[in-house]
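Okay, so here's just one chain, in structure tokens, the form predicted on its own.
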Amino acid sequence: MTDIAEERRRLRDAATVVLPGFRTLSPAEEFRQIADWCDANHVARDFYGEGELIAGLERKVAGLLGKQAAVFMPTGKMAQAVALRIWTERAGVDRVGLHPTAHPVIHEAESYQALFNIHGVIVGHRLRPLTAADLDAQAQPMACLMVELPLREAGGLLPAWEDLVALRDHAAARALPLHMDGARLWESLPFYERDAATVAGLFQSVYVSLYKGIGGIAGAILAGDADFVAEARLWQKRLGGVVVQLSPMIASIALRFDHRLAMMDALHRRAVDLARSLSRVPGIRIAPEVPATNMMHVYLDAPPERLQSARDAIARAHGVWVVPDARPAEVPGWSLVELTVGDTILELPDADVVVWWRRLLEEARS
């Protein structure tokens, strides 16, 4: 970690008010919560993934997703790679359909290609969710199509329910399995006003994150039919994903799981309200205009380096951490911030949040 990155980490940790995301615990606080929860629930340690703590979580998430079985994996990258490997092996086709901004394409150094010699066929447009028309326009045989819900790189956009059903129908007509990148599926449910099993029912396999919205230390679930999950367990073993003890990760998930799921409706409503208020600030634009989840992209009329310097100065002087790191927007001189609305501002009035965004932009421009 560079000196400036370490300083910024310390500034965020020392802030008395953190506007983006969820409250971050220190390692000591995190481990104390886990220990207390384990004591209260008489938790026994697992051994290479064997134990009721893990099995119970797998059954619970499989049930929520309406799938026959599920397997816990230490990372989402592993879960996604395993899913693609299974579908290509079953189909005897080494091509999979991927959105231009799919996580394996832009965040994993093409792991699917490097590890399994799988070719990614790009389907759709980078600024909108996949549609049935996008699939119809791609004639190449594919082993499966990965669909991300929501589309992170477009500010958390989600396809309309009717469009998602149409995509499922067109895929079924081609006997093409759909795999869901559901890293933020839990956050998407308020938009669809449907339960997880109904949404996941459109897909043959589903990956969900257990740390993004849920708040676990790390971990993911890969779910599908019993045969699929049995194959996934074998690939997890081959890839070194069955470690000697997973209990700390599982406990950190289990102690928060129900509480975080229950927050999703309120977080979405809060994001919609905040987006409306922020969009009234000159020099700020929100995408999508009405957030589909509790995340959004915020565009600011100031360069990233000046925006981050202004944020750091506010944190030093006032103990308020206003935004996460910014990156250059496509419009020269503008910045893009990925904003997740978490529990830190759930009860804060818009005026108490927006005043700091205004100040941030003013100082970045001065």
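Just so it is clear, the structure is predicted and the values come from calculations on it, not from any experiment. One-based numbering along the sequence shown.
FYI, the form predicted in complex with a further copy of the same chain isn't displayed, but the following is about it.
*Please check if Ala313 has a heavy atom lying within 4.5 Å of any heavy atom of a further copy of the same chain in the predicted complex.*
Judged by the heavy-atom cut-off of 4.5 Å, Ala313 is well away from a further copy of the same chain in the predicted complex.
*asked:* Whether Gln245 contacts a further copy of the same chain in the predicted complex should be assessed with a 4.5 Å heavy atom distance threshold; does it?
replied: Gln245: yes, in contact with a further copy of the same chain in the predicted complex.
_Just checking whether Met78 would be counted as a contact of a further copy of the same chain in the predicted complex - the rule being heavy atoms within 4.5 angstroms._
The answer is yes: Met78 has a heavy atom within 4.5 Å of a further copy of the same chain.
*Is there a heavy atom of Arg327 no more than 4.5 Å from a heavy atom of a further copy of the same chain in the predicted complex?*
Outside the cut-off, so no.
_The chain here is shown without a further copy of the same chain. Which stretch in 104 to 112, 137 to 145, 173 to 181, 221 to 229 comes within 4.5 angstroms of it in the predicted complex, by heavy atom distance?_
In the other structure, the partner sits against 104 to 112.
_a further copy of the same chain: the contacting residue among Ile54, Val61, Val337, Cys38 in the predicted complex [heavy atom, 4.5 Å]_ = Among Ile54, Val61, Val337, Cys38, a heavy atom within 4.5 Å of a further copy of the same chain in the predicted complex occurs only for Cys38.
*Check each of Leu239, Val93, Ala160, Ile122 and return the one that places a heavy atom within 4.5 angstroms of a further copy of the same chain in the predicted complex.*
Contact residue from the list: Leu239.
*Can you tell me which residues in 22 to 52 come within 4.5 angstroms of a further copy of the same chain in the predicted complex, by heavy atoms?*
Going through 22 to 52 in order - heavy atoms within 4.5 Å of a further copy of the same chain in the predicted complex - the hits are Thr24, Leu25, Pro27, Ala28, Phe31, Arg32, Ile34, Ala35, Asp36, Cys38, Asp39, Val43, Ala44, Arg45, Tyr48, Glu50, Gly51.
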